[in-house]
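Let's start with one chain on its own, the form predicted alone, as structure tokens.
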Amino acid sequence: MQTKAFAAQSATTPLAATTIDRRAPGPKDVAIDILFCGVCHSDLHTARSEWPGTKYPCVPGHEIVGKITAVGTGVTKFKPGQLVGVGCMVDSCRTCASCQEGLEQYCDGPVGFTGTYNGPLMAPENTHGGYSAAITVDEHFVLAINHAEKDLAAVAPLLCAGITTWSPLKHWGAGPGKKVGIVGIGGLGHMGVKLSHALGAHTVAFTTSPDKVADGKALGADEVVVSKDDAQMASHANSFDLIINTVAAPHNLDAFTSLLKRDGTMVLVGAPSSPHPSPAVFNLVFKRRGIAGSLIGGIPETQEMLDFCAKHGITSDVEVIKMQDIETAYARMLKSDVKYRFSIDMASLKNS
């Protein structure tokens, strides 16, 4: 099926209108009319080939919400007209231990999980993402959306920013009686603050900018610490059960590991293009502190997160843009000039 889309043709060309082929639904497939697609920093990294392995043309977008237009004969979970989402994955091996446990993001199959864009599903072509009018996805990787349709623009970023922070919060036990830090108040961080607060943890947001203190509290933080202020940082020494670090630029990790309790963990979810300075070992060994990483989330926990957010009225803070303004959005995103995520209204593409 010929489908309108926006694609990068090379690492140096701006994204522009094109058409792509979408497969007709097979027995287990769901065809989706895309209504909104969030804009993730990963989209820019991939389109610009800042991460290795980009294949062109590249149609980014893995924060997809829309409405089902058709389902295959073997689909049991979904029906036409239903509101659904698609996140960062559209396939995996389904047979390895991780997939069997519903942790498809850690798939141990020959190629790992298949990304919603720049994945190997349609060899020799790459998969094409949500900067498009429609998509066809196996029902296993489709998620039910229970928010109101008027909220869909703000629901879209939950499919990446939401689950990327939800997964470590749940895995490391954030909740009542726990003190949780969220480093960075951006696309990921603002969701981390909202979710940690809603889970009942004492939530502390960290920012380098004094201008964001009020923003952090408005998002639900119990406290906001300006991380450049040594006195503010020192007042929280040895007190955190968990810190989620969303910053995607190299920085001194010791400043944050020293805030962890004995047996506390700092989880890295921001992915800088060059390494962090090596952390001090004694800072870790004397308190049995840990530095860990976490990657998006599996399909069951993504559905759990979406259901939790629908129940608690949680969405992302978004600025809705037209598809044709994506390059301007990328430039602004690089300057952190958005609160806190762009969401593309696909009507702008369909009507062009």
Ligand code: NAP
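All residue numbers are counted from 1 along the displayed sequence. Predicted, not measured: the structure shown is a model, and the values here were computed from it.
Keep in mind the form predicted in complex with this ligand is missing from the figure; the text below concerns it.
Handout entry: His45, heavy atom within 4.5 angstroms of this ligand in the predicted bound form
Key = Yes, contact at 4.5 Å.
Exercise for the section: Please run the contact check for Val247 against this ligand in the predicted bound form: heavy atoms, 4.5 angstroms, yes or no? Expected result: Heavy-atom contact with this ligand at 4.5 Å: present for Val247.
Practice task
Report whether the minimum heavy atom distance between Ile64 and this ligand in the predicted bound form is within 4.5 Å.
Solution key: So Ile64 does not count as contacting this ligand.
Exercise for the section: Determine whether any heavy atom of Thr114 comes within 4.5 Å of a heavy atom of this ligand in the predicted bound form, and answer yes or no. Expected result: Flag for Thr114 set to no.
Practice task
State yes only if every one of Cys40, Gly184 and Pro272 has a non-hydrogen atom within 4.5 Å of this ligand in the predicted bound form; otherwise state no.
Solution key: All three within 4.5 Å in the predicted bound form.
Handout entry: Candidate stretches 73 to 81, 229 to 237, 129 to 137, 199 to 207 - the one whose heavy atoms come within 4.5 Å of this ligand in the predicted bound form
Key = That would be 199 to 207.
Problem - Interface residue in the predicted bound form among Ala31, Leu35, Met323, Ile296, criterion: non-hydrogen atom within 4.5 angstroms of this ligand - result: By the 4.5 Å criterion, the partner-contacting residue is Ile296.
Practice task
Find the only residue in Ala221, Leu188, Leu169, Ile243 having a heavy atom within 4.5 Å of this ligand in the predicted bound form.
Solution key: Comparing distances to this ligand in the predicted bound form, the residue within 4.5 Å is Leu188.
Exercise for the section: Check each residue of 156 to 178 against this ligand in the predicted bound form and list those with a heavy atom within 4.5 Å, in sequence order. Expected result: Residues within 4.5 Å: Cys160, Thr164.
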